[in-house]
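This document opens with one chain alone, in structure tokens, the form predicted on its own.
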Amino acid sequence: MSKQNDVIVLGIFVADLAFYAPRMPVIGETLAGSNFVSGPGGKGGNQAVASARAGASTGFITRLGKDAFGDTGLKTWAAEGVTPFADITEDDPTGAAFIFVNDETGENAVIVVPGAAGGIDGAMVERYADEIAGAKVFVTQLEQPVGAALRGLEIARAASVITVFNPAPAEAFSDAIFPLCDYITPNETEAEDLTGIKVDNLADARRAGDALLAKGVGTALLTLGETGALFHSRDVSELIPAAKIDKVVDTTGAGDAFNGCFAAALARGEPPLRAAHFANIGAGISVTRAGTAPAMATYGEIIAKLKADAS
């Protein structure tokens, strides 16, 4: 029997293909870019790497094709200390993501094709029920089918495992998911999709947070880009300002950094609000680097930044 991991992430792995340019080309136009970066990605894969670098023993449940991109995933997890629980198929290729990054602002646009990971379903998740139930924190998102996320959250909740649900990308799902979430972590767009409340300012974010609590969520943790993050529970509503950084290079992995670091801090026993501060710094460090998984911060880097900002 494999050792239990403190954090289990369910999600997809894809190969990220990032193109840097001043703007997106229009249809029919060829545009010269300034940089190209390829590497490991997928929200689940990124969050697993972020959690491991942030100090948690981490396992990752996913599905890969038997191909070069799949090999990249396996090599990445071996290097990062992530335990893979990966079904490997010869029927479907490992997925890939096209990422446009504005080379002046770091803002991004993404097209993701999940490939083999699109075949993750509830029955597959059930096979890893012992790994989920043995963890301290379970994390999932919506790049794999919704039914798989629901089953993972059900297994975690039944075992009293802390649940972190990142409802990204925006996707319709059953209201049955909300009461299974100790923490839900949407960005502004996703919060609007879930609540119908457009999030343009902090007051809007708090109203959206209230709406999520009313749906049964334990705590709403809204990531608000350069504004920071709102920790919103029934007892506390605190804005955590964005980390102080010199230059934004690439924002693509910021949300994944936040979720992975948050899960690692919770697994370590940090109080939730302190864990959110830790995650916020991890996300801030990630945007100063190109790429997604390779941009994730280490525990030591985050602690050093927290101390520096406090001094």
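Numbers for residues come from their place in the sequence shown, where the first is 1. A quick note: this is a predicted structure, and the numbers were derived from the prediction, not measured.
FYI, the form predicted together with a small molecule isn't displayed, but the following is about it.
*May I ask you to state whether residue 132 is within 4.5 Å of the small molecule in the model of the complex, using heavy atom distances?*
Close contact is absent here: in the model of the complex, residue 132 is far from the small molecule, nothing within 4.5 Å, heavy atoms only.
*How about residue 273: is it within 4.5 Å of the small molecule in the model of the complex, going by heavy atoms?*
Because no heavy atom of residue 273 falls inside 4.5 Å of the small molecule in the model of the complex, the answer is no.
*asked:* So in the model of the complex, is the small molecule close enough to residue 248 to count as touching (4.5 Å, heavy atoms)?
replied: Output for residue 248 is yes: heavy atoms within 4.5 Å of the small molecule.
*Does residue 70 make contact with the small molecule in the model of the complex, using a 4.5 Å heavy atom cut-off?*
No, residue 70 is distant from the partner.
*Pick from 150-158, 237-245, 81-89, 197-205: which stretch has a heavy atom within 4.5 Å of the small molecule in the model of the complex?*
That would be stretch 237-245.
*in the model of the complex, which of the listed residues (163, 144, 223, 94) lies with a heavy atom within 4.5 Å of the small molecule?*
Selected residue: 223.
*asked:* Please identify the residue among 120, 212, 229, 137 with any heavy atom within 4.5 Å of the small molecule in the model of the complex.
replied: Answer to the contact question: 229.
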